[in-house]
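Given next, in C-alpha cells, is a single chain: the form predicted on its own.
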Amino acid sequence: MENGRHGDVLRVEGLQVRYRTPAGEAQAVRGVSFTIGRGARFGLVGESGCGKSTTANAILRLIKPPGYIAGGRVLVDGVDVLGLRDEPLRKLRWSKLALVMQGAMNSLNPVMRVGEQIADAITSHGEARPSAGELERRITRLLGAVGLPARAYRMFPHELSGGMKQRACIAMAMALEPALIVADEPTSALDVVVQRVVAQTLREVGERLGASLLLIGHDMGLQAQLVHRLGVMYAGELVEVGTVEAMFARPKHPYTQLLISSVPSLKERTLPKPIPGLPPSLVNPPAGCVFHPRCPHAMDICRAVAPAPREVGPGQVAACHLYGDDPRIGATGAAPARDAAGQTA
C-alpha cells in the first residue's frame, strides 16, 4: 500500500498468512504491503484479531502450524527473510531483526538470571564471543541504557516489576544493535505510568541505535506518541496508511475515523463512541470491502467490489470507494465521509 524509499530497512510486499481450521482456511493476513525507512518508526493498529501480531510473527518467520505463510515477500536490508534457510535465518535474528514480545514474563526464562539470558542472545547470534568480563560489562551497560540498575544482571525475572521486565526485554533486543526492532504490544498489562516509561525507553533506544521500529498495538494514544507513520489494519487487510499527524487530523477510511472516535478526549466532554458490530469471520470474509457490514457509509459497490488502495492526501493512502472514480458510486446517494471531528473528509 505504501511506496518506500530506496534502502528501506523493511519492505513487506503482498504478505499472506493463513491458518488451517476445521471450518476451512482462515485468512489472517491478506496481501499486506508497507515499508519502513531507516530510523523511522511505523505503527500497526486495529482491533484484536485484525492480523497485527500475525504480521509481526510472519516478518520474523515465527508462524507455526496450523498457520503458514501463503505468499508475499519480506525484505530486511534487502534480504528475503521468507527465502532463508534455518542457519542464515538464525543469524539474521537479533543481529538485524529483533523482537520485543507481548508479555515480558512469558518472554523471559523464569529459572535463568536476566544477565544470562541477554548473554545467551549475544553469544548465540553474535559473530565473535567476548570474554566473560567483557560480556558482563557490555550487558550492564545495556541494562543501564534502559534505566535498569547494574544489580538487575544477577536478578531472576520474578524479582523485577512488570515495567523492569519489559525494559530487560528491550535491552535484549538492542544487544546486537539491530536495524529493526519489532515491538508487539510492549505495554500491554502495564499501568499507565509504566507504559510511559517503556514507551520513552523504546524511543530513546531507537534514536541511540539509529534503529527502525515496528510498533504493534491497539493503543492509539501510544502510537501517537511514538511513531512517524501509522497503518490501520482490519480483518487481515491494511486499509489506511499515513503520517500520524494526517491520520489523527484527517482520517479518511471510515474504520480509521471510528477508531479515533473511540479514543477518550481530554479536550472535549464527550463519551468515546464504540464501533458497532463485530469483525467478520476470517474463514468466510464478506464480499467486496471487508468493512462494509459495519460501515456507516456503505454503498452498493462496497458490497460487491473490493476497493483498491489510492492516494487520498499527501503521503496518505486508503482503500475505500468513497475516494474512487468509479461511475457506479455517484448513483448510490451515499453521504460523504466525515472525520472524527465531524468535518467532511
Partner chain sequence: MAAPVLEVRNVGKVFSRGLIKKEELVALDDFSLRIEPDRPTITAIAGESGSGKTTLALLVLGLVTPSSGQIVYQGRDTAAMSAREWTTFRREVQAIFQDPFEVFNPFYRIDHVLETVIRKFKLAGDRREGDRLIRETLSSLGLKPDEVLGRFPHQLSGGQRQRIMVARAVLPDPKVIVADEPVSMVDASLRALILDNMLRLKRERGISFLYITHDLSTAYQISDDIYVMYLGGVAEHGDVARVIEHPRHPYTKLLVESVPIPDPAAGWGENVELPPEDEVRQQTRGGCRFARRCPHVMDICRENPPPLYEVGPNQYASCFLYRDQPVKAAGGAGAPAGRPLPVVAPS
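Residue numbers count along the first chain shown, from 1. The term rigid core refers to the most C-alpha atoms you can superpose between the two forms while keeping them within 1.5 Å. Because the structure is predicted, anything quoted here is derived from the model rather than measured.
Although it is not shown, the form predicted in complex with its partner chain is what the next lines describe.
Put simply, of L135, A224, A179, L82 only one has a heavy atom within 4.5 Å of its partner chain in the model of the complex, and it is A224. For the options R113, R196, R250, K91, the one in contact with its partner chain in the model of the complex, meaning a heavy atom within 4.5 Å, is R196.
Residue heavy atoms within 4.5 Å of its partner chain in the model of the complex occur in exactly one stretch of 82 to 90, 114 to 122, 263 to 271, 232 to 240, and that stretch is 263 to 271. When its partner chain is considered in the model of the complex, K96 lies well away from it, no heavy atom lying within 4.5 Å. In the model of the complex, its partner chain sits within 4.5 Å of a heavy atom belonging to S161.
At a distance threshold of 4.5 angstroms between non-hydrogen atoms, D300 is out of contact with its partner chain in the model of the complex. Residue contact check for D219: one or more of its heavy atoms lie within 4.5 Å of its partner chain in the model of the complex. With contact defined as any non-hydrogen atom lying within 4.5 angstroms of its partner chain in the model of the complex, the stretch 20 to 39 contains no contacting residue. Core-superposed comparison between this form and the one not shown: the C-alpha position of S262 differs by less than 2 Å.
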